[in-house]
Ligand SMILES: Cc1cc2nc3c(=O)[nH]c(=O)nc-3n(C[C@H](O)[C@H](O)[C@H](O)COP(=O)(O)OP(=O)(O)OC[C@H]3O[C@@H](n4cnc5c(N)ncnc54)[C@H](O)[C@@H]3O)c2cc1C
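Let's start with one chain on its own, the form predicted on its own, as structure tokens.
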Amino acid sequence: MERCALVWFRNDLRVHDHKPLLRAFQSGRPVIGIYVFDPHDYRDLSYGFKKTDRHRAQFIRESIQDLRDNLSSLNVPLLIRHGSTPAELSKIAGEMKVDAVYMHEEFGSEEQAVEKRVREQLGDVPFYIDHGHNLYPPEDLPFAMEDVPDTFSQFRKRIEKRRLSAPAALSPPPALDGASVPPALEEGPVPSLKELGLEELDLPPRYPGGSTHARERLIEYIFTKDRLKVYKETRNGMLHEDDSSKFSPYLANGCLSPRIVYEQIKKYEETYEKNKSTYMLYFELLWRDYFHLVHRRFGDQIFYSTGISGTPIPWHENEKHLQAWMNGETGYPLVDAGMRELKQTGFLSNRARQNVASFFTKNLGLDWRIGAAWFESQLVDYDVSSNYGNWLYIAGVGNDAVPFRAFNVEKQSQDYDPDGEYLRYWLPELRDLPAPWIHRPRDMGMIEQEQYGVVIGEDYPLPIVDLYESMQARKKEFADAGRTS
């Protein structure tokens, strides 16, 4: 059997702008791909929920099937396995006579630990690793990793001062001869949700996975619907699909390269106009790069309770409050609407994420790492660096120049959902309440409750904490810990 080049796919589920795939083709060896559904990634956490739950798992499943189809058009087979990653790659390397492994870098500690065990299993087989998750490669940045700026504003200014140009996205390789899979070695099916230990979805997925859908969404949002021109004005919307780009699930799973997004932004600017909205979408790509760099600089510190600030802020335990938050039963409509949306669809707008995370850390005072783990479990756009970086930021132990940043979830509700449209969609028990009652149902008297058919404490929960007292108590705890605004 002829030796082959193996491309190990992880969070890079595409064939465009994929340097490892291109280098595998250039090696002159027949190419084969592999993806492993490792049970470790679908295990039960000590918090009482799955590390990866059904919405996120379904998105990955669909993305893998799409990757297989796209690789097939290049005559490259994709082996799919369900088992221990080191063991499965070791089997493939032996049966397929793997000459080299090509892959994108993953710098999360769990991913690196798995890579280390795979290297040990494969012995002398060489590994070729490329950067592929960011707009700007680390080697192009105007600072070393240990000098990554402390705040995003400092980072953005240094990038823009140097006028860095993102590398052009790579085209897929041409179709060549892929490796022939021996008859005894099946390519393997995509495991079902049940086989992954998860429940089936109640409804079709909100966002279908895969690079094919990613490219369709990219063109639809920017050009077909011409939504980029108003992105800055609408991006804080929480209900309508086209208020924001919804590129994040595809970027997080590597179905879409950030350089492809950047190129389409530039194409739009050249064809139509350059405005504050086109800059704002680029601005969000920069945020994504920044969180990845913070992760590189601080490593596992992003998972510590003290975060990267090192401040020993007390975090509380309260199982009743935790369950109320996860299930959207806190008595605060914006929080509850957001948490129900997350649990039912696997997605949540950025504005809603900031509010539910602020309530979790600045009103309930619960350990931010549990909130981050719940997001990891549920979100179809989970990205380790962005998820934990954002939670550090909101919790007050990350890259925020304002350490105690708290959102008044009732005011935010009125500011960003003034008519209560978002609240009514996700909280049917409050559907008949007019504004302003829908934002503050706790203030209704018995007459109003009877008038609108909503009894607080029966039809909708009483607030589990006092909004203002809880915030003041947390602010004092931050001050006592030496972390003040």
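This one's a predicted model, so the numbers in the text were calculated from it and none came from an experiment. Throughout, we count residues from 1 along the sequence that is shown.
Not on display, but discussed next: the form predicted in complex with the ligand.
Heavy atoms within 4.5 Å of the ligand in the predicted complex are found in exactly one of 163-171, 78-86, 278-286, 296-304, that being 278-286.
Among heavy atoms of Leu379, some come within 4.5 Å of the ligand in the predicted complex. Proximity of Ser257 to the ligand in the predicted complex falls outside the 4.5 Å heavy atom cutoff. The ligand is not drawn, but in the predicted complex it has no heavy atom within 4.5 Å of Trp368. In the predicted complex, the ligand sits within 4.5 Å of a heavy atom of Lys246. Just one of Thr330, Thr361, Asn390, Asn134 comes within 4.5 Å of the ligand in the predicted complex, counting any heavy atom, and that one is Asn390. Leu251 is the sole member of Val101, Leu251, Ile222, Val118 with a non-hydrogen atom within 4.5 Å of the ligand in the predicted complex.
Taking a 4.5 Å heavy atom cutoff to the ligand in the predicted complex, the contacting residues in 329-365 are Phe347, Leu348, Ser349, Asn350, Arg353, Gln354, Ala357.
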